[in-house]
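Encoded as structure tokens, the following chain is the form predicted on its own, with no partner shown.
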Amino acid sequence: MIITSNVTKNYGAACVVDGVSLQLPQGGITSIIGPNGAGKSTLLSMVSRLMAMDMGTVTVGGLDVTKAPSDELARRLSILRQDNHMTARLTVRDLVAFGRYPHSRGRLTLDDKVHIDRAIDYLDLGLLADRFLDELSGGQRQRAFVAMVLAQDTDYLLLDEPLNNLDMKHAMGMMKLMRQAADDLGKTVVLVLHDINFASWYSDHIVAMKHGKVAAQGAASAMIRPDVLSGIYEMDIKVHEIGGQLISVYYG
């Protein structure tokens, strides 16, 4: 379980994350939604120790992220950030192999290679495995970075806007992959998403943030409601249902 207690981050006089306390469920998919500037990505960065907290505590699977040794945390938790840039000229396979570093320390074993090949196959990158990253489209590169995170084989996967640069087909494929990782591999997946429809269809739990605070949270069925979403986004949001089955979320 991921537990945050009174987590706070300030930039000068601006409070970006304001005393957030959460208990994210073990297993399944949790999506963090909300308008731009709500603090979603900042919160995820503090949970993963990419960014220091000004106040509060975070534990992941019982580990205090501020105190746990880096190698131990990296075997428990992996994160994909929004801004993934590689200056070195690497192939897809080289990049995915970086995900095994917490386990292999750069000396790849047969087991590491199994994880690398599996992650490449999961993301349908087999035909691109020996291509250089700068030869790929933005969507292909995004899938390669997700494969790297998957190869790390951690209990907790944190992904900050993993659907960036993906067309509809590959965005759906990415969400299906996350669903499969949660259901078949027992992963706890936490995503920052802007697309409410993808959040509604694939999430077990949704956390909505607004102005640096948790505005609402709960099961997807309780969160994807016009009264909840309209208040969070401060606009008219409708939910299309047929026979009680959610079909889509739209604005109007």
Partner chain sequence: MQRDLDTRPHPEPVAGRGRGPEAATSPTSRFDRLTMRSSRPALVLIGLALLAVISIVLFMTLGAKGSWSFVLSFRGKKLLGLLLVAYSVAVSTVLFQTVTNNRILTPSIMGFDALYVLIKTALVFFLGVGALVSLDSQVQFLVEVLVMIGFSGILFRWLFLGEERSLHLLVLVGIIFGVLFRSLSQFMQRMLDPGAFNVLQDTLFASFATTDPTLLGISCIIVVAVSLVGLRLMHTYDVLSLGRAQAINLGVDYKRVVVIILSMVAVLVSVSTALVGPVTFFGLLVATLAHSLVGNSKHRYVLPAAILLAIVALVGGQTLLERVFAFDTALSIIIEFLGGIVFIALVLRRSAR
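Residue numbers count along the first chain shown, from 1. These figures come from a predicted structure and were not determined experimentally.
What comes next is about the form predicted together with its partner chain, which does not appear here.
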Between the options 163, 116, 77, 182, which residue brings a heavy atom to within 4.5 Å of its partner chain in the model of the complex?
77
Of 45 to 53, 194 to 202, 22 to 30, 216 to 224, the segment with heavy atoms within 4.5 Å of its partner chain in the model of the complex is residues 45 to 53
Heavy atoms within 4.5 Å of its partner chain in the model of the complex: does residue 159 have any?
no
Would you check, heavy atoms only and a 4.5 Å threshold, whether residue 142 touches its partner chain in the model of the complex?
no
Heavy atom to heavy atom, is residue 90 within 4.5 Å of its partner chain in the model of the complex?
yes
Can you tell me whether residue 112 touches its partner chain? I mean in the model of the complex, with a 4.5 angstroms heavy atom cut-off.
no
Members of 167 to 187 lying within 4.5 angstroms of its partner chain, judged by heavy atom, in the model of the complex:
167, 169, 170, 173, 177, 180
